[in-house]
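Take a look at this single chain, the form predicted alone, given in structure tokens.
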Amino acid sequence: MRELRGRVALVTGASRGIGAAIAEALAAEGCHVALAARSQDAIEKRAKEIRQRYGVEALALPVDLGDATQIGPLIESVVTRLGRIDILVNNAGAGIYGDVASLRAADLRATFDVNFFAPVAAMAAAVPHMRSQGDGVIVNIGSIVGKMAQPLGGGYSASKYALHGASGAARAELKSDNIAVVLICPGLTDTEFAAHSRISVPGLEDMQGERHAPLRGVPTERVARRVVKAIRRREREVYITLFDRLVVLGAQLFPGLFEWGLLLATKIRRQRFAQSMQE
């Protein structure tokens, strides 16, 4: 899929952050884009800006990806209104903070609904259309913590591990249909993701906003440019930075040393979380 002009792409979680940047980057390449997210006002504003800036079709499709019954109609709406679906970007994600042994089951299920079950359902709905077209690219936005443990973020890591496994299997299953499955593994990115994370800590279950990321991370535009490049090349797995790749490699090659680092990171993260709750 070297030529993207005229293609139709659906990007979930497109109201802000990585999803918004990917939608704009694809539009800049001449793609018609459908932006899906819960925030109707935000995606309508972005869709209007994209139409004016790039002269492509841009749809705003409000959807709650935590509700599986809305996903099939979302795909059908894209096909009905834009004629086809060439690129599916499963970007929408939900964060969760808390000890694995203390996570509320309802919080964990809600995280998996968005991070795992929604992308799988979207693939299931999009694949028949891509098969009939004879081509397609599915992009699943994973994470480097889907390759290694994350202290106090085990629920989120587990959901990304699951997505990574499904992506690898689907890649092999769909190759004969000329449908590529691209897994993107970003590291720390400069978004508001932490601020919107679910907190599953006894006594704090109704709160959101883990405000203790130690670094800002890479710009979302950098992630988006790399995603567009991966779509063109139909790559298998993509890391955004060399540092991300080396961290994952180090965790695999030196598990004892990595575990020591996790213990230190857990201590520091608990301190930051406690401080943020006092602010």
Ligand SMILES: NC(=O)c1ccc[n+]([C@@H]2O[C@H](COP(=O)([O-])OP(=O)(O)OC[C@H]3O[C@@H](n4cnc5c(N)ncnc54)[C@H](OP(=O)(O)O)[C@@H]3O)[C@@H](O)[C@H]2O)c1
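Predicted model only: the values in this text are computed from it and were never measured. Residue numbers here begin at 1 and follow the sequence given.
Form predicted in complex with this ligand: not shown, discussed below.
Checking 96-104, 169-177, 136-144, 76-84 against this ligand in the model of the complex, the stretch whose residues place heavy atoms within 4.5 Å of it is 136-144. Checking R51, R222, R38, R234 for any heavy atom within 4.5 Å of this ligand in the model of the complex turns up a single hit: R38. The closest non-hydrogen atom of G153 lies beyond 4.5 Å of this ligand in the model of the complex. Using a 4.5 Å cutoff between non-hydrogen atoms, S157 does not count as a contact of this ligand in the model of the complex. Taking non-hydrogen atoms only, L65 approaches this ligand to within 4.5 angstroms in the model of the complex. The shortest heavy atom separation between R269 and this ligand in the model of the complex exceeds 4.5 Å. Heavy atoms closer than or equal to 4.5 Å to this ligand in the model of the complex belong, across 112-140, to one residue only: V114.
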